[in-house]
Ligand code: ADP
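Given as structure tokens, the chain that follows is alone and in the form predicted alone.
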């Protein structure tokens, strides 16, 4: 069964809902749609972006109270604001604008937090907004605001559950469609890269702070739209539905359905809402009228779910239904992406002068000097703990030197940040492989081409980025073929062997069109034939004029490949020269073997 057929059946059943179901169940479906709209934002924010928020109910309240205040109390508002109350559609725009401002301000503060401080921060502002709804004069207190007018569409008043039903689900389906489009784009890969590690993402040119803010604002806007619909469905608002408990329930819905899956938001909202209603109906008959027994059952149910299906119910359903996953079509005839000219062969591409990095009393790099030229392979070797990877981090912008200078193509880049350095033409791999294991080989490599595209969030969400996306994916496919992983193009990156994953990282680095490539232990985990193929690839890149700096422990691989060698020990350079010279250098032999006879 294909996803298209399943979607068609689902939409048909959805359209027939108000015609075939009693009003009670139509109302239940309305609530499922409203809740799913909020949970969808949490899929993007928490499941995909890795940012846990307990405060989404507060944004629902912003949308609800904005329309309630503007439509019922326009007479008491200033003239410049009162005109917005003429139509609920104007209040939707006002609510979205207000939410955008509030979310940006809260995000600017909250998203700087990490670890457990981030969810605690969302609890703090969620509680603050909740109490503001009940305490601010003019918002009706805990009594609320009644007599909210119904929404009208082309003169048709949506004043009944069956009539507003279609509007609620239209909002939800448009949100699902646009969210899927966004995730299936250059911007979406940047968002998904957040969970794989900000260091890797920044090194590929992703502005991680911007991506975090983008998903925070999108989740807030979707919650606001849900609140607007809720207010006009209920025709009344008070603070109760916008408190911390509801924020926790939204997060429960997301986890139940599958936090990393767009359609999981709908499944989670449906299961949670229906089960909660059934439990509220049945448990009092079994256990008495006192006590919130459904909360107890939900608590144990969540623990069981986290043990048995940590990815949520959506992946379980897809296994049962055996949905055929569509294979992405590639347009290899798409116009190639523009390439930067390589520096002239022999020109110094990168130069480090007296680079020192101290961590407290530990000196990881001490007055390190090296330079690498276009069309050259330079090896940086040394015993474990010599400071090689730390030096890589100083050069690539992952870390900032305590003192010293790093120059890339004539630009001083020490402390400039990995993203700016990547834009200048430096790309790298990592000592410990950093891939997005659930994404395909193709998509992982396409992250490397992030800086070679420019289409933003809105074009991506509305599929106006397709020509650029075709070019980016075609470039990624070419790099995958280039490193010999063509037959794994659509496989999950996590299914590859470690050696293949290291090769995949090189393909991702090449997709950025670099002029200098930093490879951290690229041959680790490779078999003999794979090492030979890697060596041939690096020789070909050198012939094209690329500068390559590599850290490697396999001396046979290094000595038969590189042009020059720099040796480090205890954070300092102890030798530099041709491979043949280094192999007989007494200082090098002592560092590796503990001395020479």
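Numbering follows the first chain given and starts at 1. Model, not experiment: these values are computed from the prediction.
Another form exists, predicted together with the ligand; not displayed. Remarks below refer to it.
- By the criterion of a heavy atom within 4.5 Å, residue 388 is counted among the residues contacting the ligand in the model of the complex.
- Mapping the unseen interface onto this chain, residue 383 counts among the residues with a heavy atom inside 4.5 Å of the ligand in the model of the complex.
- The ligand is not shown here, and in the model of the complex it never comes within 4.5 Å of any heavy atom of residue 295.
- Within this chain, residue 359 lines the site of the ligand in the model of the complex, having a heavy atom no more than 4.5 Å away.
- Here the chain stands by itself, but in the model of the complex one stretch of 92-100, 226-234, 307-315, 361-369, 361-369, has heavy atoms within 4.5 Å of the ligand.
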